[in-house]
Every structure is written in C-alpha cells, then in structure tokens.
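Below you'll find only one chain, the form predicted on its own, shown as structure tokens.
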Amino acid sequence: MRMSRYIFVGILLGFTLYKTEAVSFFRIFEMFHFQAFHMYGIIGTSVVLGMGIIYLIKHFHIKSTDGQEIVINPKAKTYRRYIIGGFIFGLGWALAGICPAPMFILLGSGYTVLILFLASAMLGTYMYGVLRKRLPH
C-alpha cells in the first residue's frame, strides 16, 4: 500500500511532463538550438523549486515518511566530476533528444521506438556497474 503513493506521484509527474510538452523532441530541439524559452522555463522553475525544498528540509529538520530526519550530505569540494557527468548527460540528451524520465513517459504514451533508447540506457547503466571499480571517482 505504501508503494501506491509513489506510483501515483510517478503517474502525476508523467502526466504533467507530457502535458507541458517537456518530453517533446521538438521542444528539446528548440532548447538546444536556443530557439525557445519553454524548456529553460521548466528547468529553471524546477531548479528554484528544488532549492526551496532543500532549504525547507534543512531549516525545519523535516522527517521522512519513516520518521527519520532527512540528512543531506554536502557535495565534494571538487566539482570536476559533476561537470564531466553533466556534460556527458547533456551530450546524450542532445544526441538522442531524450533523457531518462521522458523515455518511460513516451514509451507509456505508445512510442515503441523508445524501447531502443531504453535498452541502450540500461546497457550503459549496467556497463557502468561493471566498470565502476576501474573508473576514477
């Protein structure tokens, strides 16, 4: 029964992203060609909202659904790995025209070609797990 609320939130997120056209290849294409503000507005709103929520969690010591206080560990002082990871993610996003969440949303909307992208993402994740010990962290 506890999982049902997460499934509901996931469906709500998918519906919202689909209706705001955040999963549209054409909107993503416009964003990477600096032709429209639409996606930057969505991403910017998400970043500002996320910052506000993190502030509230830290300031009011909000507890999780299990009753434990939520602890957010500080990031490493060197941001090199985040910049490189973000670059790789953005490059894949620009080349494929899709990122992980929209893969599932569009697949659920009937775009079966996304099975190929999903399989590639899963293979990449698996390969990272296999090679993780050999990669610099």
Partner chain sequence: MVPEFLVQLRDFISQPWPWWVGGLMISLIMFLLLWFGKNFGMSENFRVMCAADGADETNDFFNINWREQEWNLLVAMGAVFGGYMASHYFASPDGEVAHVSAATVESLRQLGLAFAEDKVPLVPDWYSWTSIFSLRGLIFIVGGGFLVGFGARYAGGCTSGHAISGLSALELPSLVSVIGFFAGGLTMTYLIFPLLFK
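Rigid core: the largest C-alpha set superposing within 1.5 Å between the two forms. Residue numbers count along the first chain shown, from 1. Treat the numbers as computed from the prediction; the structure is a model and nothing was measured.
Omitted here: the form predicted in complex with the partner chain. The next part is about that form.
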| Does residue 82 reach the partner chain in the predicted complex if we count a contact as any heavy atom within 4.5 Å? | yes
| Would residue 75 show up as a contact with the partner chain in the predicted complex if we use heavy atoms at 4.5 Å? | yes
| said: Taking any heavy atom pair closer than or equal to 4.5 Å as contact, tell me whether residue 33 reaches the partner chain in the predicted complex. | reply: yes
| query | Given that the partner is absent here, does residue 60 sit within 4.5 Å of the partner chain in the predicted complex, heavy atoms only? | reply | no
| message | Going through 108-137, which residues have a heavy atom within 4.5 Å of the partner chain in the predicted complex? Please give them in sequence order. | response | 108, 109, 111, 112, 113, 114, 115, 116, 117, 118, 120, 121, 122, 123, 124, 125, 126, 127, 128, 129, 130, 131, 132, 133, 135, 136, 137
| message | Taking the rigid core as the reference frame, tell me whether residue 80 has a CA displacement of 2 angstroms or more between the shown form and the other one. | response | yes
| request: Determine whether the C-alpha of residue 131 shifts by 2 Å or more between the shown form and the other one once the rigid core is superposed. | output: yes
| said: When the rigid core is used for the superposition, does residue 89 move between the shown form and the other one (threshold: C-alpha shift of 2 Å or more)? | reply: yes
